[in-house]
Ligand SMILES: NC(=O)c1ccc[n+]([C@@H]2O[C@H](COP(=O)([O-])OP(=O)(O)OC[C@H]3O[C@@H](n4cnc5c(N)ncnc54)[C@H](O)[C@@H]3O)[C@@H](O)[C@H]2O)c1
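Form predicted on its own, single chain, as structure tokens, below.
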């Protein structure tokens, strides 16, 4: 769906008019393309005294592929600051000292990345307060940045310094174009340590299932995981079989027409995976429906349909994937990844969506409850929570509501399905074993609920 306002303000006359009238001017966001370097230009890395990640971050950034800019443009593509050494509120001044002289020179679609320690792992109350202050700082910076720039806070547990590469790559690259003002916690990796042999194809040799893959976000997730090397089993309802097979053929995977709400859906999926692929590495629960009505006008069938597809089916299928089958082992292998598609509606709520918001909030609860027990088997469980994403579903929203959804975030525009897909691919990577039980909001830093 075309955002005509963003297209208008990207033109010379439209940009002039928007500036004169004080109207928002959404930036054309830079998104990932195969072969594109992680960094779009020079990166400035520094840290507070005593930081445990300053030198590792410098070495990591120096090792990442970077685009060369024509001319003498030295605007930094990213500003990276290690705040793990800040153990007292008086030392928060280091944030101002680093960012104040540099932040206004940040390049378009640049990145601000602050690295800290999870406050709950701080050595005392003063350090906990200082580290928690980083969240308010980063969320505010994200709302101040312009020209498509974004901000990220990475909280790295002591001992997990070697597990940050996948997350740093995601935060600094165009893959995170529509993620801003969010907090990611990195702990010691779950399961076998996994560093991809090829960061362009981190899912080589892995098998992934994507539900709801016949169209929309699910279709793009299937394409993105296949781009990253996975063999993708595309799953959707039998009524979408023709579209599903077309997607599967395009991504080099296979199609499984299946109603996830069927009582035997888990058994059918497990049998297919054993017979065709020998097992499973990545499960993406993306299928979802809406049946919107305000609560007083919502009949029981609308309620039941949404909860059944969006939440109950996910619970049942996941339980089956984690249970031993006829081989005596779960079909989801050690080092596996489970990723659920939640929603900002499940975080902030939405008028007319009590059923949908309940189901999506339930997914968040499921992720947080499953993560510790799944970790014992070397499996991570995470979720993405999309905000306003340009799809056929949002195209049906009334014009003024749609425009509000697009503009009420720090990037002043709706996201694309690929933005959700890139976040899912990051969670799915073998290098992301240190990220577990988390919900990443892919919402452009929505002004509501974020």
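Numbering follows the first chain given and starts at 1. Since this is a predicted model, take the numbers as computed values, not measurements.
The same protein has a further form, the form predicted in complex with the ligand, not shown here; the description that follows concerns it.
Within 4.5 angstroms, counting heavy atoms, which one of the listed stretches 162-170, 134-142, 102-110, 288-296 is next to the ligand in the model of the complex?
In the other structure, the partner sits against 288-296.
Can residue 218 be called a contact residue for the ligand in the model of the complex at 4.5 Å between heavy atoms?
The answer is yes: residue 218 has a heavy atom within 4.5 Å of the ligand.
Is residue 423 close to the ligand in the model of the complex, meaning a heavy atom pair under 4.5 Å apart or at it?
Residue 423: no, not in contact with the ligand in the model of the complex.
Does the ligand get within 4.5 angstroms of any non-hydrogen atom of residue 116 in the model of the complex?
Residue 116 lies outside the contact set for the ligand.
At the 4.5 Å heavy atom threshold, is residue 254 in contact with the ligand in the model of the complex?
Contact check for residue 254: no, nothing within 4.5 Å of the ligand in the model of the complex.
At 4.5 angstroms, heavy atoms only, are 214, 342 and 389 all close to the ligand in the model of the complex?
Verified in the model of the complex; spot residues all in contact, yes.
Identify which of 261, 268, 350, 75 has a heavy atom within 4.5 Å of the ligand in the model of the complex; exactly one of them does.
Checked against the cut-off, the match is 261.
Sort through 149, 207, 309, 374 and report the residue having a heavy atom within 4.5 Å of the ligand in the model of the complex.
That would be 309.
Quick one: which residues from 237-252 get a non-hydrogen atom within 4.5 Å of the ligand in the model of the complex?
Contacting residues: 237, 240.
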